[in-house]
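Read on for two forms of one protein chain; each stands alone as structure tokens, with the labels structure 1 and structure 2.
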Structure 1
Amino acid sequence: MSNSHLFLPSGFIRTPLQNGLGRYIPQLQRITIKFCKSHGGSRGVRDFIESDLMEFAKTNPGTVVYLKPRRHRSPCMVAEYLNGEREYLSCHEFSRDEVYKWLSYMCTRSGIPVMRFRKYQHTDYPTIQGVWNPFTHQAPEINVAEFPHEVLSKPINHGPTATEQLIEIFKKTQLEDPANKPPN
């Protein structure tokens, strides 16, 4: 199965400029809201501007908000991010809550395009103790051993298995009670 037919690109989760490692910098640079002052499709946007916009601007002082009232056009938002990406969203016939929710969604994004995350974690240091290689945990004695060797030529003796131990226990109980042995 290839992914060349899929439009949604895939990638690993990342953040621009190690954001959050030192300090968190909100990535939304500016947002431009275009709407019509009279048309019904912009009603939600107009309500949002009248009620929630000031609060939004105060809580996000790092984002510049531009308002562009344009006659006879449906409302839209264009978000610009610090890494140069832009995001367009048509707000036609949105309710005031929808506008608010989409706007707060845009605040939480970096400009990295939407993609399918292959993994939800990422690290630049995948190994601490070192990657395993066939020499890891090998006893140094194999270096100077002359083969055939007494110990090393034989299969590794891990000791009796659980099954063997149970059989031994059973045999012991048999020996202790020879009177109960059924005659063969």
Structure 2
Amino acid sequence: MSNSHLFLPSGFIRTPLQNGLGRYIPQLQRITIKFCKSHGGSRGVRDFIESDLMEFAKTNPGTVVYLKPRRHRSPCMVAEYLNGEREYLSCHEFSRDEVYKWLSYMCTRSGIPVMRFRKYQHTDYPTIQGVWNPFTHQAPEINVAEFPHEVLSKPINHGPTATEQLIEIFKKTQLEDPANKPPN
């Protein structure tokens, strides 16, 4: 097992500016695709640009796409997010499908750096009541009782069940209005 997770920064799960609470705002602000027009390692990127880039731009109108041709350089993508973070990805020898996959991945990210979670739930407003457990509202005599205890072993009767209450209400309405009586 690897210990590489120990070197990741740790933090709590969060969303940027409560995104998705009212409406969803895509966090990818702009993507810059850098490629060479003649280099062999840029073939997949060029194929993506020729066939799929227009479709991508139509489906993601909130993302600005820049194309930057560079001579004799390896292709790469630079994603810039609304929170100011930048993500760099080398696309050397990527196929057209791999370029589309990584571009889709960058579109769905929030721009928050990858981190190790301390807990999988977090609130900015912690409760002052403490954590609930099954013994929170139990009778205090349970603490000193020796089991089996005659009184505590009996089932608790809290009154009539919901079904019994509905049957009683139905009977009352039948007695009050004789026109609604079912035939015998």
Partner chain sequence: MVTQRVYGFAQGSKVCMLELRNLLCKLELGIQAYKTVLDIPAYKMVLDTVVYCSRLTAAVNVISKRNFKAHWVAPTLRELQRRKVIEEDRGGGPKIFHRSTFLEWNYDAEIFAFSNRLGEKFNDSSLRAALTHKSYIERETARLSDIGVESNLQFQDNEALAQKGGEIMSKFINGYLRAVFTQVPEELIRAMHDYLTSNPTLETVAKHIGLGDLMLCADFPCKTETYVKSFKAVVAALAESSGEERARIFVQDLVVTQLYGQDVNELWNPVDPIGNLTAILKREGKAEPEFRLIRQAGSNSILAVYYVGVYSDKNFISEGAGESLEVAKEMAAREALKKFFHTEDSMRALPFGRQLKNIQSKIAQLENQPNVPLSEWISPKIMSAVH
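Counting starts at 1 and follows the sequence of structure 1. Just so it is clear, the model here is predicted, and its values are computed rather than measured. For the two forms, the rigid core is made up of the largest set of C-alpha atoms that agree within 1.5 Å on superposition.
Looking at both structures, it is structure 1 that matches the form predicted together with the partner chain. Superposition of the core reveals a Cα shift of less than 2 Å for K68 between the two structures. With the core superposed, P140 shows a C-alpha displacement of at least 2 Å between the two structures.
If you fit the rigid core between the two structures, you'll see the Cα of K37 move by less than 2 angstroms. The two forms, fitted on their core, place the C-alpha of P155 19.5 Å apart, compared between the two structures. In this core superposition, T127 moves its Cα by 4.8 Å between the two structures.
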